[in-house]
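One chain comes next, on its own, written out as structure tokens in the form predicted on its own.
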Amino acid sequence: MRSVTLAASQFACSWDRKANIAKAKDLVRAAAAKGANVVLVQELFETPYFCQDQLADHFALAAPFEGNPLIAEMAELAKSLNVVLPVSFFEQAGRAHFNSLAMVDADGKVLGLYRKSHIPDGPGYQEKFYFTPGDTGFKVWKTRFGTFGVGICWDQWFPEGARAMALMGAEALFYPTAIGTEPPPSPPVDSRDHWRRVMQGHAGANYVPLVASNRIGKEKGQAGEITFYGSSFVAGPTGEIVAELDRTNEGVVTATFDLDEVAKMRASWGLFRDRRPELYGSLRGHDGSPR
């Protein structure tokens, strides 16, 4: 039996970076107090979601992976609480900028770096202005409490990433997120349930638990505003939501899984036994042609 408790958190961000980090740390402590072994904090939690607008001044928010003070501070926290922390941050690497995540183990060791693979571009979510598409490929890490894979926000809409991480041995998947209302000129749409169902599908299709953490609150940009959905959750290995937060309140939720039992059921269900990789060549091309 390998019991692990996974936690999702959510809160509203301001332009007070120190306050945002302090709030994130408070919620990690609250989750650890509930027995959490792995705590997920939302995407780019140091600041508001600055990608609503194309403003060159925002590039100054980025920092290198090596010697990054945010990662160092969160690593110290991880060590003190004996928890695993996936840490989302805005990375500067030479002339490039990435939407990145550092995986911090429960002893405070930084295990590695993942750079967001899929970069969205549309009203309110103008990330292609800021971020180069990630060059790390999908990653999984062996941590003190299990082997885990991480995607970042828009990555969560692509089943290929979740399947790749599951094939690489991920025993749970984590998606830090910033998603809310679609600003004009998009027609009014509430994508919260769609967003959730897609990730619930990743959990069920790969028979792994999944954690998603989103921000809350209304954030104004120059051209509009976004009201973030919150609704952070933990899904079980058959895709069921087993713990969730609402749309408006900050907080943490936890759920506990026996990873050995999940592995046994995953094997017996046949999802990986019955795969036919030789038939999936059409996935390699943008136009569906085999490559």
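The structure presented is a predicted model; accordingly, all values stated were derived computationally and were not measured. Start at 1 and count along the sequence shown; that's the residue number.
This protein has a second form, the form predicted together with a further copy of the same chain, left out of what is shown; the following refers to that one.
Listed residues H97, K79, R163, K139 were compared with a further copy of the same chain in the model of the complex; R163 is the one with a heavy atom within 4.5 Å. For the candidate spot formed by A56, A63 and E225, no residue has a non-hydrogen atom within 4.5 angstroms of a further copy of the same chain in the model of the complex. Stretch 261 to 269 is the answer when you ask which of 64 to 72, 261 to 269, 33 to 41, 48 to 56 has residues with heavy atoms within 4.5 Å of a further copy of the same chain in the model of the complex.
By the criterion of a heavy atom within 4.5 Å, G239 is counted among the residues contacting a further copy of the same chain in the model of the complex. Taking the partner from the other structure, a further copy of the same chain in the model of the complex has a heavy atom within 4.5 Å of a heavy atom of L283. Although the partner is absent here, I119 lies within 4.5 Å of a further copy of the same chain in the model of the complex, judged by heavy atoms. Contact check for F129: no non-hydrogen atom falls within 4.5 Å of a further copy of the same chain in the model of the complex.
Contacts between 54 to 89 and a further copy of the same chain, taken as any heavy atom within 4.5 Å in the model of the complex, involve no residue at all.
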